[in-house]
Ligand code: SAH
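Okay, here we've got a single chain as structure tokens, the form predicted alone, with questions on binding and movement later.
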Amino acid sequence: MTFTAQILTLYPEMFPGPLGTSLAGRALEEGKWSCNPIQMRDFATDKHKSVDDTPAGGGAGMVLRADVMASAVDHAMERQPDAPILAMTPRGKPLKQERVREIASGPGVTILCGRFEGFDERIFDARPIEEVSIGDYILSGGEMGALVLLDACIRLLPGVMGASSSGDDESFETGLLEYPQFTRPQKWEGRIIPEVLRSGDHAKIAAWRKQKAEEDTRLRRPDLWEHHRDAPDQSPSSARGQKKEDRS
């Protein structure tokens, strides 16, 4: 089954963009996913192809019209009725790795890209749209957020990363940040790879990695640590066969 991405946007030329290279690009060529950008202006009804208007109540900027957005969403729903519809907006719920995995396990996703001052709020009351944010900052539009979301999903599709365990120990997959990584040369600018990683003792290596993951999470992301510390023990290296908690 091909994972199908529909992107409702004012700038369809932005897709696949960087997703046409590297792992995602190879997966696209191999048919593991498809990229279908849809121009939202095609659903405007006036001769100027207007998709926005001034904010009710006054204020700066423009707001994307609910009627035009609804027509575009309805079109996407007809083409892919089983796919969730996500709107990229800073007012949305933070995107988590758990949700990414849920989306990646399905038939695809439809993404609605915001612009200007955002969407007429009535669109969210009238259509089954999930509002999603990729972080507490403002972008010029939802397209960059859509690319981030799609990249996170595509890498989880079967066969994209190669070995099925490639992403098991990565940040957020166990509720912790990933442990520090090292590689050759063994000594660089006077800094040496930790001895335990050169010991060949897999049990000690797993324990060291778990300790470092916990330490870094506690110091760098206390919000993650608060969620994780009461959860069942999960070793980043030894829990591959177990179900993992997901935090972001």
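We number the residues from 1 along the sequence you see. Keep in mind that this is a model prediction, so the values were computed, not measured.
In what follows, reference is made to the form predicted together with the ligand, a form of this protein that is not presented.
With the partner removed from view, the residue among Glu98, Glu117, Glu178, Glu130 that has a non-hydrogen atom within 4.5 Å of the ligand in the predicted complex turns out to be Glu117. Partner proximity in the predicted complex, defined as non-hydrogen atoms within 4.5 angstroms of the ligand, places exactly one of 151-159, 85-93, 72-80, 101-109 at the interface: 85-93. For Ala126, no non-hydrogen atom is located within 4.5 Å of the ligand in the predicted complex, even though that partner is not displayed. The ligand is not shown here, but in the predicted complex it comes within 4.5 Å of a heavy atom of Ile134.
For the partner-free chain shown, Tyr137, Ile138, Leu139, Ser140, Gly141, Gly142 of 136-162 come within 4.5 angstroms of the ligand in the predicted complex, judged by any non-hydrogen atom.
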